[in-house]
Structures are given as structure tokens and as C-alpha cells.
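Quick heads-up: it's one chain on its own, the form predicted on its own, in C-alpha cells.
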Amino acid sequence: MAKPIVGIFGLTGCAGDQLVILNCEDELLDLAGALDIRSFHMAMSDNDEDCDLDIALVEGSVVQPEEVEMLERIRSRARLLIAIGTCAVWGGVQAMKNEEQREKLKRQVYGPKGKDFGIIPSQPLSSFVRVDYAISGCPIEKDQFLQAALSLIHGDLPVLPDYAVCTECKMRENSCLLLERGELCLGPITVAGCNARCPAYGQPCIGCRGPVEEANVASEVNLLREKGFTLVDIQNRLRTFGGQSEVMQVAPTERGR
């Protein structure tokens, strides 16, 4: 069977998801042997920018007009386009202030030099092209990536968790930081896959993996309000990674209470 032809690309982000791939130390040689990697700028100097791809892995969100063109070009070359990481899937931390005017932010951050480049509100890949599959995480989990790669090598789409971090907490028999300690934890509405790493160390879930499918945001907000958090507190936490901004639609007349 021919090796899948793969390209690994990065838009705006920290490049942490590409680093996770490179940090698959024990498995990296086997992975490189099973895949025909034609483009990976973080790891290769000789990149093929024109070949057709079986799989394109893209990390980072779209924040510049040039990235829209780059993404569309990648999409046109790839049979499967897979978003990797929370930035690519949901917009990431750079989507936190999307309601602010971009030109204003450029002036504040870069001063006069900001006029030399374009910028648009941070958006996930799916806002511009069809995404065939998504692996969320900030960054992605090594084990999830390897499982996904193995499935793709065999011609199958990966199967990832479709339940909440809360479920992983229960499986690890963690104390509930929300109910027992009254902390602002997003475990009930955040998709699993991290093995509840943060709650296991006594830190509340901050939602970095994005929302679980059919997340009951309204119920989470009501529970947090009962614990004494204001709607602004909750909104700020939910918007941190771009994926859980549904709360912005909850009780808008109560802003600030």
C-alpha cells in the first residue's frame, strides 16, 4: 500500500501542535517511515509546495488575509484537511478579543508600523474552507495524534472522545473542584481527551480543548452563578479559547451582575 502523502502547515499560533508531532520521540522514525511527508517547514528545508496531498494537517487560526489564501491553496491540494489544535478548530486565545476593532488593536500594539500589514478577526479554519476532521487541544495530545495517525494510515477516520472532561474526572476519582470547592471549572462542557490533567493537579478546567458536542452551557452558567460568579467572570473564562463563546448569548441583559 502506498504511503499517504502528507503536508503539515502552521498559520497564526504558537506552533505547539507541530512541536507535539516532533516530540513523538520514540515513534517519530516509525511515523516518518509510514508517511510520505512532503511539507513540514518546522522540520524540513526541502518542502514541496505544489504536490497533491492525501492529508494536510493545519494548525493555527486565520488572522491575516494572506492566510486565507494560503489555507485555500492547501485545501485545493488536499484530499483530507485536518485542523489540529484549538486555534485551528475554534480560533484560540487570539479570538478572545474579536469584538475589538482590529485597526485599533494594531495601533495600540504596533503603533505606526501596524499599517504595514493586514489583520482580520481570528477565526478557525472552518470559517473559510471545508475541514474534514478536527483534533482539538492546546496543544494536541501526543497519544491522540498517534492514534489518529495510525487510523489515517489504515484509511480510517480517527475516533476521538465525544464526552466531557467531567467524565474523565470521575474515572480518575478526582474531587469535584466545581461542586466541592466552588471553583470556576469548565469541565462539564469541555470535550475530553486530556485525561482531566488539570483537575487531577487541583487546577480547574479552563476549557482549552473547546466545547463538547451539545454542551449545556446554560446549565453550566446557572451553576456557576449559584457559586457566586458574575456573568462577566463566566464570560471571560468561556471566551479564553474561542470555542465556548455560546455563553455570550446567555442572559445578555444581566451583563455585569
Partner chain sequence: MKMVKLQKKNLNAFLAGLEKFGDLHGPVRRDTNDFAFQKVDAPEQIAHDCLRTILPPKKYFTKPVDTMFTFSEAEGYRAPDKDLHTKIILFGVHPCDIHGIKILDLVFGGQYRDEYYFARRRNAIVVGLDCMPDEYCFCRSTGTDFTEDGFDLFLSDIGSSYLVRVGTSLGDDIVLETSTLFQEIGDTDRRAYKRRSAQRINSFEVEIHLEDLPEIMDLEYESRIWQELGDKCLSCGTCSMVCPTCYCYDVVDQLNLDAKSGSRLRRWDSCLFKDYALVAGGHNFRADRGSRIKNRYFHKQRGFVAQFGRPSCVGCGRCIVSCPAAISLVDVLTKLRSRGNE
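Positions refer to the first chain, counted from 1. Given the structure is predicted, the values throughout are model-derived calculations rather than measurements.
One more form of this protein exists, namely the form predicted in complex with the partner chain; it is left out here, but the text below deals with it.
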Within 4.5 Å of the partner chain in the model of the complex, all of 151, 170 and 179 (non-hydrogen atom):
yes
State yes or no: in the model of the complex, is some non-hydrogen atom of residue 188 no more than 4.5 angstroms from a non-hydrogen atom of the partner chain?
yes
Applying a 4.5 Å heavy atom distance criterion, does residue 223 contact the partner chain in the model of the complex?
yes
Residue contact check: residue 99 to the partner chain in the model of the complex, 4.5 Å heavy atom:
no
Would residue 126 count as touching the partner chain in the model of the complex under a 4.5 Å heavy atom rule?
no
Exactly one residue in 48, 27, 36, 54 has a non-hydrogen atom within 4.5 Å of the partner chain in the model of the complex; which is it?
27
Among 95, 166, 131, 78, which has any heavy atom within 4.5 Å of the partner chain in the model of the complex?
166
Mind telling me which stretch in 63 to 71, 214 to 222, 39 to 47, 228 to 236 gets its heavy atoms within 4.5 Å of the partner chain in the model of the complex?
214 to 222
